[in-house]
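One chain follows as structure tokens, the form predicted on its own.
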């Protein structure tokens, strides 16, 4: 298997000022391409330490991917150090220089002279155009090794990786690599892995488990001479996974629960609405991250106070007085209320305690999720078991989205 290492460059990463999402993204995408990531490291803006890290990585792996340090300032040293280690000279690419100048001209800003540094590229290297910034990406190949340099800003890096680096890597690697991702909800990573333990031992296709907050997924990857052959190898594995995991699976090759929900609602021409208390609009935020959500999403009413629950959602004052805001009864009435207000086919409500405060009977992480659809009105109790406000909000929102998805599948 082709091997790779990832080096994230930037003192700000070491100081914790910036979260390194690039390495996580690259690890995931490289795995999907069948490229094994053997090592990840972070190096500050120090030429000696960066040179040592690049040298070590090239000695161990086929590819080294570096992110960051391609800017116009003196502490942006990735390109210069990598060229020095690999023995490449730099020259100005006039086309790139013109692109950088046009980038600033479009903003009606004079181009700083320091940005001309970004037009320096290694002689004999491959240049990747940057459609979202001024720093081009670069690939340098020598003695069977390849270093790929990508800009640090995630928006620039991810776009360049998909548009330029993925085709570059596929062209370099012989044969075809196909990967599919099976996403589950309601089962932990370890329990999921136990159900498919024998499949995890396969060499080709490979099956690898991953965990996210409140979710778990399996990535199935096959290597073959052609894409059709790889797909044929994967198909029986996917069928077996579906048999074993069943209703835990909410989608294959979808990005998220909200993506699966939007797809299902669009396919059936249904509309959804939410009434949110403890999630405070987080459910609708996640739903509207998906392109096309406007076709299926009617509204979300964030009803934090009891007064708003009564005024906008018609939750009875006696219900709130007898059972409290965090209760099955209130969740049911909230769902009914938002369905009546919106006219949506499916209405889901959430009321709970995100944390950190809670009580013995109603601890942090407790929520009630109401659902009103064509068949019935009901509510379920949901517990995260954690006193972590952000985790509780995220996982409770996931449960609400999954509840809406389950309802949509019945139509």
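Everything numeric in this text was worked out from a predicted model, so none of it was measured. Residue numbers count along the first chain shown, from 1. Between two forms, the rigid core is the largest collection of C-alphas that superpose within 1.5 Å.
Unshown form predicted together with a further copy of the same chain; subsequent notes refer to it.
Is residue 210 a contact residue for a further copy of the same chain in the model of the complex, using a 4.5 Å heavy atom cut-off?
Answer yes; at least one heavy atom of residue 210 falls within 4.5 Å of a further copy of the same chain in the model of the complex.
Hey, in the model of the complex, does residue 281 get a heavy atom within 4.5 angstroms of a further copy of the same chain?
Looking in the model of the complex, residue contacts with a further copy of the same chain include residue 281, since a heavy atom lies within 4.5 Å.
With the cut-off set at 4.5 Å between non-hydrogen atoms, does residue 231 touch a further copy of the same chain in the model of the complex?
The answer is no: residue 231 has no heavy atom within 4.5 Å of a further copy of the same chain.
Heavy atoms within 4.5 Å of a further copy of the same chain in the model of the complex: does residue 300 have any?
Looking in the model of the complex, residue contacts with a further copy of the same chain include residue 300, since a heavy atom lies within 4.5 Å.
Answer with one of 106, 98, 267, 321: the residue that has a non-hydrogen atom within 4.5 Å of a further copy of the same chain in the model of the complex.
Here the answer is residue option 106.
Tell me, which of 243, 155, 129, 171 has a heavy atom within 4.5 angstroms of a further copy of the same chain in the model of the complex?
The residue in contact is 155.
Just one of 232-240, 89-97, 300-308, 322-330 has residues with a heavy atom within 4.5 Å of a further copy of the same chain in the model of the complex, so point it out.
Result for this chain: 300-308.
Heavy atom within 4.5 Å of a further copy of the same chain in the model of the complex: which residues of 63-92 qualify?
72, 73, 75 sit within 4.5 Å of the partner.
Determine whether the C-alpha of residue 373 shifts by 2 Å or more between the shown form and the other one once the rigid core is superposed.
No, the C-alpha position differs by under 2 Å between the shown form and the other one.
Does residue 188 shift between the shown form and the other one by 2 angstroms or more at the C-alpha, the core having been superposed?
Result for residue 188: no, shift under 2 Å.
Work out whether the Cα atoms of residue 291 and residue 131 come closer together or move farther apart in the model of the complex than they are in this form, the change being 3 angstroms or more.
Distance between the C-alphas of residue 291 and residue 131: shorter in the model of the complex, by 3 Å or more.
Given a CA distance change of at least 3 Å, are residue 41 and residue 189 closer or farther in the model of the complex?
So the answer is farther.
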